[in-house]
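Only one chain is given next, in structure tokens, and it is the form predicted alone.
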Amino acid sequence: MSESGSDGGKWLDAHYDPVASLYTFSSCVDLADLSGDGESRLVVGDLGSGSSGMKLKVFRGTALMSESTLLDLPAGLVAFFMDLHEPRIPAVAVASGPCIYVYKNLRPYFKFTLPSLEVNTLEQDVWQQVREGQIDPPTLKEMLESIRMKADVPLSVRSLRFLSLDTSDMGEYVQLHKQQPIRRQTVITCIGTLKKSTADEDGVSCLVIGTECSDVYILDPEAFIVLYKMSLPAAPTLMDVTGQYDVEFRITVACRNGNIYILRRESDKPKYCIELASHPVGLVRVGKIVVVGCADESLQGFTQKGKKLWRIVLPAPIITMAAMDLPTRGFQAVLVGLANCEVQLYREKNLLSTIKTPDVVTSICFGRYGREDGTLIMTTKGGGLMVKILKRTAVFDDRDSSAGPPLAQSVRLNVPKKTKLYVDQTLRERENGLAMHRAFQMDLSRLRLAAAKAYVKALESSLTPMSSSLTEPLKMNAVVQGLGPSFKLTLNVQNTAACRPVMNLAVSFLYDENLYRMRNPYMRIPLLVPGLIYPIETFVECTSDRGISDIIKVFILTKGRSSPLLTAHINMPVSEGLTLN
């Protein structure tokens, strides 16, 4: 094994076979314990060349374990538990054409065919006339084209193939098929599983299939009869199923008309509809968020009711998408395979990791493979097979890579409900809005005036710890140390001028002589050099035992002026020494 360095070393390169000859999509890949030994196998519906070589392949580790020939191209593949028999071994259902082929213990077990559709009566009458020799092939072509344009019921496959033939081949085609009864059969476009009664990992599951005739069927897992039928406005292409059939379920379907429909148990019609600006190419559910990849190179998130949550633009077109669910860590994200040979990992709209691949990835499957829980399996456009293992020490950090508002803005606020008092106040504000605004502006103007007057008074009387004089720019702060009754008072005086020293200064203290006694209530200050802090220390002794304190006023004086340069008020602490005595 080697470390994959393109994404910070979060993945280990376990296996890469560029000539594995696997041509498939994400809907035809699944992981399941098919032997009951605790080791999961890789089950792949191989498309072959598109017209031949379709096979059901099972891999164990890096080796091909078994393969079975398929009669038609697989549209989807799922592993599901169809009964409660021991040992608990899942069956494999392969949707191919109008049939579902069920394999149990890797052997053919059952074949389910979709119910036939209604045949156009006019079409039947025309073919009956052909059978009796009343009309020739050119006349048959004209009549079938007329029926196709006007009839509500579509033509059968036999008639559509006849209309696509050249005139020279029509006679042979009619002679070959005119004696056979007409049948109109639809095909399966997507397949999924729905837990029947319990959400357990090994619980019995029903099959959910979408058909070309815009219907969704839910099949019984044992009798393979139709339990529930729902109709859509268009043919489904992608499907995600959650819930239990006996309790409540939700089927999210992306259709060929570019919309996403959400089906619920209580209705056979769509409950919600999500209209997209571009056709969906990928559909994954992560928790309660439906993540949709679109053909316009965008990834979008929606709620279960169809509300759009976010949208990000990707660097290349989307080829395939798959869910990444790691229950042991409680981690859920979306893997997106792009046309630029990258697989990007997103949690909501945040890009967590990017994996560089040697070829374009066409299918992605994440889950337990062998005995390793965090295994990522990918197949490439050239038929290669890649297996990567998530390192146990890997940590994914959310990074909001998209421009726009931060993540915190998308968090919903817990807004309280409107009370009667709130509604009454709102009505009052609407009725008296002009008067309330005028009163607010008047109070604001008075507040500004009072603040301005107090500021001017402080400047005129030097009641600030900073001097407003241009010739003696000073700054002072005071520090009181001690528990009492003796306190050490330190004044830090600084000359804030650029280059001019300040001289002829003195400091004076004003205090209540009934509470305090000072050794030096008046001191001279030496010459103050600009930029330096001069500490001036003195001692204050509290003479009262009543456990009270007072303010000591400090004045910085200069020679020849009656008003102080600056003033400071020191809130003295309570003397704890006398209290203890």
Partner chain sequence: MGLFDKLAGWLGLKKEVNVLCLGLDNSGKTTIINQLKPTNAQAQDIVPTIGFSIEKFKTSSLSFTVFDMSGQGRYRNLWEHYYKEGQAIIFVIDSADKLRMVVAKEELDTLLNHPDIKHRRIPILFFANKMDVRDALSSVKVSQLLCLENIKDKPWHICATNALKGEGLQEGVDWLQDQIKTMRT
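Positions refer to the first chain, counted from 1. For clarity, every value in this text was computed on a predicted model and none was experimentally measured.
Missing here is the form predicted together with the partner chain; even so, the following discussion is about that form.
Participant: Can you tell me whether residue 538 touches the partner chain? I mean in the predicted bound form, with a 4.5 angstroms heavy atom cut-off.
Facilitator: No, residue 538 stays farther than 4.5 Å from the partner chain in the predicted bound form.
Participant: In the predicted bound form, does residue 91 have a heavy atom within 4.5 Å of the partner chain?
Facilitator: No, residue 91 stays farther than 4.5 Å from the partner chain in the predicted bound form.
Participant: I'd like to check something about residue 14: if you look in the predicted bound form, is any of its heavy atoms closer than or equal to 4.5 Å to a heavy atom of the partner chain?
Facilitator: Result yes; residue 14 sits at the interface with the partner chain in the predicted bound form.
Participant: Although the partner chain is absent from this view, report whether residue 220 comes within 4.5 Å of it in the predicted bound form, heavy atoms only.
Facilitator: Heavy-atom contact with the partner chain at 4.5 Å: absent for residue 220.
Participant: Tell me, out of 126, 274, 387, 216, which residue has a non-hydrogen atom within 4.5 angstroms of the partner chain in the predicted bound form.
Facilitator: Partner contact (heavy atom, 4.5 Å) among the options: 387.
Participant: With the partner chain left out of view, which of 302, 369, 81, 261 would have a heavy atom within 4.5 Å of it in the predicted bound form?
Facilitator: Only one listed residue qualifies here, and that residue is 369.
Participant: Only one of 547 to 555, 48 to 56, 61 to 69, 22 to 30 gets a heavy atom within 4.5 Å of the partner chain in the predicted bound form; which is it?
Facilitator: The contacting stretch here is 61 to 69.
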